[in-house]
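Below you will find one chain, with nothing else, as structure tokens; this is the form predicted on its own, and questions on how it binds or moves follow later.
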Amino acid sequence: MTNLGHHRVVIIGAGFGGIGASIRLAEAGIEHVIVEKADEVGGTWWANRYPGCRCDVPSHLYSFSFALNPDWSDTYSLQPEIHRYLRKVADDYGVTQRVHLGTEVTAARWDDEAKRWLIETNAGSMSAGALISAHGFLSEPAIPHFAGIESFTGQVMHSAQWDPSYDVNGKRVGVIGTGASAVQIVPLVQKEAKQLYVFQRTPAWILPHRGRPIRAWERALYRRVPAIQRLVRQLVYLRNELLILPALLHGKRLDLIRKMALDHLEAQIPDPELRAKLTPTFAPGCKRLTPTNDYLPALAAPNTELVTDGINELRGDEIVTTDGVARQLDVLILATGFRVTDNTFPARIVGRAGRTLREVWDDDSMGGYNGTTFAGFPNLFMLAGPNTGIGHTSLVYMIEAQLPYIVGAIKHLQDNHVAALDVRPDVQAAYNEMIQRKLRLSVWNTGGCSSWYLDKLGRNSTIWPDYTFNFAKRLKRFDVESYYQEVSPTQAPAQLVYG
């Protein structure tokens, strides 16, 4: 096995989190490398290339605050444009020089004697004084198992594993799912398919999409006067933070959102029977709100059938529902989202007690301290970790808020010859109790739906239940008093391999 050397920090993943961490570490003069399993940087915005893929967060917010993009073509950007942005940022800030592409971490184990992380990859082994996991919780497709799927004679594709060479033109297409990816895939597939079947378990709250092309003169103005784009970004941020978040937190102030969605549904679906099937019974916001102007008309098209009966089995080239009806398919598209609360990557991370992070979470619930560190896993930091998710604004904001905290911790390790930092279990427990207390009355907990925000125990281990600026304020300073410290016996840094 190739020895890839020892590094001050190893970052896992080269999406928004990994790229941002690399930039901030480099600015602080901290040696590091990134390992990325894909053959390109970009994370989820490289992996997800299905037709119509775009972000449902405004473009001005879905970017780094220190690297605004004046050239967004639309107020809600499409996947190719977001990936180009990430690639440009990685190139401009020298990140690509530090990335090992095609390098997947298979195991990472804390060596308590050497006080370092021992990392195994498909390209060789390495070690690190600190480990930053930016693997992303929207990185592992959730693949449902249906009886007979192995012998299905048609094509099967998950939205995150799209085969761009496959042509749906004139085909009989089935789409399973009604979430964020489904509402983007369905309108484009409907235009080309001979017959489209959309298999719906739960209808989504659909809102009008406010996206529009950004005019040439606006882009020119942003290039010439960056302060104006910063002002636009701030106004979009404050609108979401001060108007949308309070409704989601209290759960009883959603009448306006409900009316907007129902008016949109009535305007786009004149058939009362179909409209009834598409009307959710849970509170808006319990699952992520879905903006689109094209999805509902696609469901009402003559070549589309909305199927609300459950799926019983796949048989040959047919999909059979619980009512006994068999429908022939050429391709089955799984728009079924990702494994979030049961993501398997933490099973590769072994902490101080010889237990994996996945085992720790399975015994209780996915949790940590500040969504960043975990008791029993010294010198491990996670970007976009437990309870850093948001239902109203940009995850990039949350990632950026974590970076000063992580860099501060690593600088503390480096500058004070500290060998290990391990968050105190009592501090972590108090933090998680606070999080769950704030979530108790929120729509994510009380809205009456089953969502990926909740884990198998019914605990909300994904959402940050407060204003995001309070999260940023909380993580502005590394609070060393919340950690156990072990001082390096050598009083000197380990020999490093730079590259």
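The structure displayed is predicted, hence computed values, not measured ones. Residue numbers here begin at 1 and follow the sequence given.
Keep in mind the form predicted in complex with a small molecule is missing from the figure; the text below concerns it.
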{"property": "Contact stretch among 239 to 247, 114 to 122, 312 to 320, 179 to 187 - heavy atom within 4.5 Å of the small molecule in the model of the complex", "result": "179 to 187"}
{"property": "Partner proximity in the model of the complex: G351 to the small molecule, non-hydrogen atom cutoff 4.5 Å", "result": "no"}
{"property": "4.5 angstroms heavy atom contact with the small molecule in the model of the complex for R288", "result": "yes"}
{"property": "Non-hydrogen atom contact P144 with the small molecule in the model of the complex at 4.5 angstroms", "result": "yes"}
{"property": "Touches the small molecule in the model of the complex: W452 (any heavy atom, 4.5 Å)", "result": "yes"}
{"property": "Y50, R201 and A335 each touching the small molecule in the model of the complex (heavy atom, 4.5 Å)", "result": "yes"}
{"property": "Heavy atom within 4.5 Å of the small molecule in the model of the complex - residue from I30, L68, C55, L439", "result": "C55"}
{"property": "Position in contact with the small molecule when the complex is considered in the model of the complex, options L265, I214, V168, L138, heavy atoms within 4.5 Å", "result": "L138"}
